[in-house]
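This document starts with one chain, in the form predicted on its own, laid out as structure tokens.
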Amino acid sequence: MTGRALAVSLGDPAGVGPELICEAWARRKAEALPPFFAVGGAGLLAQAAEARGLSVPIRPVSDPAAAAEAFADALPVLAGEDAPYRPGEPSREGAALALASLTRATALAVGGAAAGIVTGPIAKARLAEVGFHHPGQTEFVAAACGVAAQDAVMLLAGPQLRTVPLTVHCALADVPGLISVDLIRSRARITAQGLRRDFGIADPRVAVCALNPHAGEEGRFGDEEALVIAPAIAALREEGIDATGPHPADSLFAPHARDTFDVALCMYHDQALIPLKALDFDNGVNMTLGLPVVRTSPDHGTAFAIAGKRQANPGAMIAAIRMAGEAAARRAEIA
């Protein structure tokens, strides 16, 4: 690490985010986690730890610079907003705290006071009630960095697989009209650069999925492969990017095939997320590529139904913190 700690936003305080932040700190030595601090919610986190059955001393800090030193003995929490801990009961008060935590954590990362940001899971509908106007946290952090939303690429990463959805939150019926040669090339470039910078992969291998069954079966099931995807792959190869495809998605994620690529560029949301969650649900991380700061998040939601019941698996939160720390360290080495 760089001497700076990672900023972790709370997510919706009625969800599993607070208890998983506490669980991650409790496992910091066993998991060899880098220093991190929570942004706001000192009282809430203390209650979440107690509900989880954890002994987690909370140490309020007024400056992120004090977090790394405090981390060994207590969970550093940047002094600020707080709210009652009511697991499974989302509210406007809780959404306001979630937004305040996200806003401040992002500002600290953008300003260089934090090594990166790990965002806890939010409830977008609740946040919209308190003035959040972005499709998700990815777009929020991108805007704070001055990066256009289309240049912030969502990478889903787990121990066995990395995927990138070309299109994200849109109707499946709209996907064929949204994919283009330019979009594929742009996403692939940002992805390849992100794998070099944040994962240390010198020559990333990008497997590009087909849109249609059997990669279109020579036009029998669609012509997007021939008219859009294959030309984009050819152009990427001319640029020096090791892109292959179009690959039929029904066979690309088999065990023997996964060894042949570093990331799969998928045409739509579920094509990317279904294999990732099937293989690595409890360790999946959502990482945003193309930003000047490191940003990760556990690849799961608020899980209101199990919040406060000691059932939530901390694997994805731990993986998100670890991945952010590793990426921040790599960036520091090449800075």
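Numbers for residues come from their place in the sequence shown, where the first is 1. As the structure is a prediction and not an experimental result, all values here were calculated from the model.
Keep in mind that the form predicted together with a further copy of the same chain is not shown, yet the notes after this line are about it.
- Think of it this way: in the predicted complex, a further copy of the same chain has a heavy atom of just one of Ala51, Ile58, Ala70, Leu279 within 4.5 Å, and the residue is Leu279.
- This chain lacks the partner; the member of Gly200, Gly111, Pro159, Pro213 within 4.5 angstroms of a further copy of the same chain in the predicted complex by a non-hydrogen atom is Pro213.
- Three-residue candidate spot Ala173, Ala249 and Pro275; every residue lies within 4.5 angstroms of a further copy of the same chain in the predicted complex by at least one non-hydrogen atom.
- Contact with a further copy of the same chain in the predicted complex, defined as any heavy atom within 4.5 Å, is confined among 265-273, 306-314, 39-47, 23-31 to 265-273.
- Contact between Tyr85 and a further copy of the same chain in the predicted complex is not found at the 4.5 Å heavy atom cutoff.
- Put simply, Ala254 is close to a further copy of the same chain in the predicted complex: some heavy atom of it is within 4.5 Å.
- Residue contact check for Val168: one or more of its heavy atoms lie within 4.5 Å of a further copy of the same chain in the predicted complex.
- A residue is said to contact a partner when one of its heavy atoms sits within 4.5 Å of a partner heavy atom; Arg258 meets this definition for a further copy of the same chain in the predicted complex.
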